[in-house]
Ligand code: AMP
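A single chain comes next, written as structure tokens; it is the form predicted on its own.
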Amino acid sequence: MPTFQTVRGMRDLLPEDAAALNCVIAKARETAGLYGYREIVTPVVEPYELLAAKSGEEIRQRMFTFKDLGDRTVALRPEFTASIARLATTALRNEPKPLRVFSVGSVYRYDEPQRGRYREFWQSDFEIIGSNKPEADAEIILLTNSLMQAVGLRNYAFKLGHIGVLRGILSQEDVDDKTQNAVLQRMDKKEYTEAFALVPEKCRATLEGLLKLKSGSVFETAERIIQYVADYSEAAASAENLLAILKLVTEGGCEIATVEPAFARGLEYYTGMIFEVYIPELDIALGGGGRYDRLIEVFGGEATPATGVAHGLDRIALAMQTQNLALKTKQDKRVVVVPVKDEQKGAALKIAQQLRATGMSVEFEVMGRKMAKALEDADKRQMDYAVIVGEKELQQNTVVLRNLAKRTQTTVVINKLAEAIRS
């Protein structure tokens, strides 16, 4: 018989890994609630044209695409924003603004597998639609800061930039949109020589000068950008917007580690502020996002400003593992119910169900083991208590409750059993 392995770039999440991921997902949902974001669920499979429209060449080349039985070209979602923009033009178009929405689930990209980078991975996505104000951009960054704090990460750092500065320069130098996208794709990979080779000499010199503006102070860097692009009207407005966002985020209690004058991200739909968050131990972003004011219009809606962020949930779980962190979750006692003989199985099952009805995690002995073996197995799997259901005890409406850690046991009335375990 053949031995099957997972498809390359995919992976199984065993119980411990699944528990870690689910804890991070729970923290993302808690964060959504704190900021007033409502959860929506979108399809994993979407029309290729929707996902490819403004995602960028890098993403388009790495999408899982196929023909369905109706001969339509579809793809597995590589991110959430396109699906949410689709909803903003259809089912949610009449919702009051701003619209705050949240999604969580798996996304798919045909990347080269490596540590922290898989072809199926999990994201939480937050979008705020309808506001063009810097406070909306600040909220997305502050929300991300709250999630990093909630999971307990140490020494995480934010990198902030503004794609409008770059596009403002390129547009005023008459660089067409297609070339702009190619330039930004290469700048995202820090392939500056290749990027700058695509533009006229004067524009090249301007972009090269941007790289030299970074200083130790983020506010000084932002001020330098404003002065540097003073002759480029759109870029100058974007630089002022960057400074306004930086001030709001700082006043909101989040420290920005660096402002990158030539920072670019791979997605073509960005129009304004962009950011990423890292920890020193990993060279991959734990999350990132930015402003996209023209995407909803591309999908047939009215011109609608929007900004958002996606967090790599499995990357956050990896970051926590790297920093030896464990999420503190409320865990009830783990209990196993064991009938002494076959005749007590029905009564034992009823007791197990009664405990579960109180919200307790209960396992039932389904292997037919003798009592000693059943208790030995429970001990190996680090159960907290064993409830032993015997004939004599049932006649008195009681059971034996064994504390597996302390190796002690007591007789407890059945209707007081849950209380006895929790106390």
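Residue indices: 1-based, along the sequence shown. Computed from a predicted model, the values in this text were never measured in an experiment.
FYI, the form predicted in complex with ligand AMP isn't displayed, but the following is about it.
- With ligand AMP left out of view, the stretch that reaches within 4.5 Å of it through heavy atoms in the predicted complex is, among 247-255, 134-142, 108-116, 172-180, 108-116.
- At a distance threshold of 4.5 angstroms between non-hydrogen atoms, F121 is in contact with ligand AMP in the predicted complex.
- Taking the partner from elsewhere, L325 is found to have every heavy atom lying beyond 4.5 Å of ligand AMP in the predicted complex.
- Taking non-hydrogen atoms only, A285 approaches ligand AMP to within 4.5 angstroms in the predicted complex.
- Ligand AMP in the predicted complex comes within 4.5 Å of no heavy atom belonging to G168.
- None of V259, L267, A85, L242 but one reaches within 4.5 angstroms of ligand AMP in the predicted complex through a heavy atom, and that residue is L267.
- In terms of contact with ligand AMP in the predicted complex, the residue from I163, A75, A310, V199 that brings a heavy atom within 4.5 Å is A310.
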